[in-house]
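Only one chain is given next, in structure tokens, and it is the form predicted on its own.
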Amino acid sequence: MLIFTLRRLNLFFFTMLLLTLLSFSLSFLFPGNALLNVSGQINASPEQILLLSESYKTESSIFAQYISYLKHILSGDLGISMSSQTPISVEIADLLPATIELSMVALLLAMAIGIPLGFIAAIKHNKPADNIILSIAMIGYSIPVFWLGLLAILIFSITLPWLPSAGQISLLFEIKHVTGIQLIDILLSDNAYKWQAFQNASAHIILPACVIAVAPGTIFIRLARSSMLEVLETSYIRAASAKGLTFNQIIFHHAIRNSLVKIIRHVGLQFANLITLAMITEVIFSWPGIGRWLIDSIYQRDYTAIQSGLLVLSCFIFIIHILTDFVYAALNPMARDNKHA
């Protein structure tokens, strides 16, 4: 496990090095002054620009400028937004939890629906149920998320006014910001109407989370199906059948457990896909997350917010990948071996 951990940490540091190099390069590739692009202080006085130039080592070599940029990043200084003139670290801390909340709910929905359907398709292999589930998965994966979001609003918010079409919670409820994750903040609050607020926030998150969960859910169907088929062909499953175990005992006591282990390693990859889908969905449903903030920054040509936001979001996604690898290695000892790691 030590070698596995060292390899993952080495991969993490090397990836972060590349990400910071890319983010640092963007300040030179974007139009305008590189110093203003990396700091965001477009209204700085000549004296402030001189101080910024000394802080970012603009008169030194590129390597010295990069080292100075790393020092600012490690100290939490991501610059200030060109459009709002507020620290980007503050904006990201306020907006990232909303994206995490939406993505986690969508991931749970995708797994809760996709994995059981994949197992059913594998158990009913080459039967009508298998063909129907695979057809549903293909159709679901082919639907563009922006079209699906607009269609969901048209049906469930306009034609059938069952669910709200925008926002995170109704303006009637005032919930104190603690973690930034709305559902958790509601449960932690002492608001007299917190259960009504919880129902309202749940109603707001259902529609965008379902829209995001469609594509990953179809992938989980295929992953679960292929994993179950692979497990059902193993020798220990045949040995269990030879011992006289019923088909239900084999499925529920052996096959599902071992199939889930194979699926866990793909959860991190699907989380990255969820974040990408969430960026589009947040715009459609006016969800106050970092994806919508990044797209707004692109429209406003807020170069400092773009490069810092992409750096933080990429770092977060890669950390999820690393954590998923550790969970998979803990459940599957073979993954810790040098050959598999």
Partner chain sequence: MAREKIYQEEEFPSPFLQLWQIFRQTPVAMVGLGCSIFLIVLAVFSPILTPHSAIESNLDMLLLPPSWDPSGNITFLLGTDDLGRDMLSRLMSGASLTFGLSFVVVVISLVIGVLIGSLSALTSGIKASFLNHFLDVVLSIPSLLLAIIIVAILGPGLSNTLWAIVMVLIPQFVHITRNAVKEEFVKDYVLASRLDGASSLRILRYSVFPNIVEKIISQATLAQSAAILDIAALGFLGLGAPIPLPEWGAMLKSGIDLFYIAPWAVYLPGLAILFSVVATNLVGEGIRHSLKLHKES
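As the structure is a computational prediction, the values presented were derived from the model and not from experiment. Positions refer to the first chain, counted from 1.
The discussion below concerns the form predicted together with its partner chain, not included here.
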message = If contact means a heavy atom within 4.5 Å, which one of 166-174, 72-80, 139-147, 99-107 is the stretch that engages its partner chain in the predicted complex?
response = 139-147
remark   = in the predicted complex, the residue from Leu313, Leu52, Ile42, Ala34 with a non-hydrogen atom within 4.5 Å of its partner chain is Leu313
ask   = Is every one of Ile67, Ile320 and Phe326 in contact with its partner chain in the predicted complex, taking contact as a heavy atom within 4.5 Å?
value = no
message = Since only the chain is shown here, I'm wondering whether Tyr303 would be in contact with its partner chain in the predicted complex (any heavy atom pair within 4.5 Å).
response = yes
inquiry  = Please determine whether Leu19 contacts its partner chain in the predicted complex, using a 4.5 Å cut-off between heavy atoms.
reply    = yes
task = Using the partner position in the predicted complex, report whether Gln48 sits within 4.5 Å of its partner chain, counting heavy atoms only.
result = no
ask   = Going by a heavy atom distance of 4.5 Å, is Leu154 a contact of its partner chain in the predicted complex?
value = yes
ask   = Taking heavy atoms and a 4.5 Å limit, what residues of 13-44 are near its partner chain in the predicted complex?
value = Phe14, Thr15, Leu18, Leu19, Leu22, Leu26, Leu29, Phe30, Pro31
